[in-house]
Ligand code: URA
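Read the single chain below, which is given as structure tokens and is the form predicted on its own.
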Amino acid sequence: MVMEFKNVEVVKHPLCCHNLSIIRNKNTKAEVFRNAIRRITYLLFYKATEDLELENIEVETPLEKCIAQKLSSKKEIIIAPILRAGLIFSDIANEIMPFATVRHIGMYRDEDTLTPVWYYNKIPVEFEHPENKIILILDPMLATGNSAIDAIKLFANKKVPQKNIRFVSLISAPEGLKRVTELYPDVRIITANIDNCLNGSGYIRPGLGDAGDRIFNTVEN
């Protein structure tokens, strides 16, 4: 039975499910793996951005003037990929939203303690008008939730409202979702699937292995 969590949205589009089957397969080569992730990413981002605020503007078509809608000029969208695996998401995000600001977050997981180790932070010390920032944190795997919590905390501590923060992942574990949603109940989490559980090493089961290694073809045989 799949657990339900507040503000966690699972994208069940048939194309999402189909491409998940490709990236789960251990025999899928890196190039095919990356392309399948890109196809899923479009679907995840359309879901993550469906509630962005719009404003009316007047435009002139070849025939006449009319009222059209554009994204609110009061809001600034910030794309925050967690390095390195989150970079594959940011490629698609930049394509869909070329006007967005990109703020990289560098952290890796200590395999002994399963805690995140920071090595890069390109986020301003303070935000001007943090209430107008829309944050999309990108990481293919939400496992223990440790990295997600640290990344969300980074923006929450700068007074960005929780409701303005979205965390986008390919696959999530119930253990991680439970921790994140208990600490940050108003953060939206968009994922392609909630898997069964974590194993003793903190990897998602059935999962897809190490997303970063498979994306960048650094799997050790």
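Keep in mind that this is a model prediction, so the values were computed, not measured. Residue indices: 1-based, along the sequence shown.
Note that the form predicted in complex with this ligand isn't included here; everything after this is about it.
Undergrad: With the partner left out here, check for me: in the model of the complex, does some heavy atom of residue 143 sit within 4.5 Å of this ligand?
TA: Residue 143: contacts this ligand in the model of the complex.
Undergrad: May I ask you to check whether residue 104 falls inside a 4.5 Å heavy atom distance of this ligand in the model of the complex?
TA: Judged by the heavy-atom cut-off of 4.5 Å, residue 104 is well away from this ligand in the model of the complex.
Undergrad: Indicate whether this ligand has at least one heavy atom within 4.5 Å of a heavy atom of residue 204 in the model of the complex.
TA: Yes.
Undergrad: At 4.5 Å between heavy atoms, is residue 23 in contact with this ligand in the model of the complex?
TA: No, residue 23 is distant from the partner.
Undergrad: Using a 4.5 Å heavy atom cutoff, which residues in 64 to 87 contact this ligand in the model of the complex? It's fine if the answer is none.
TA: Sequence-ordered list is empty.
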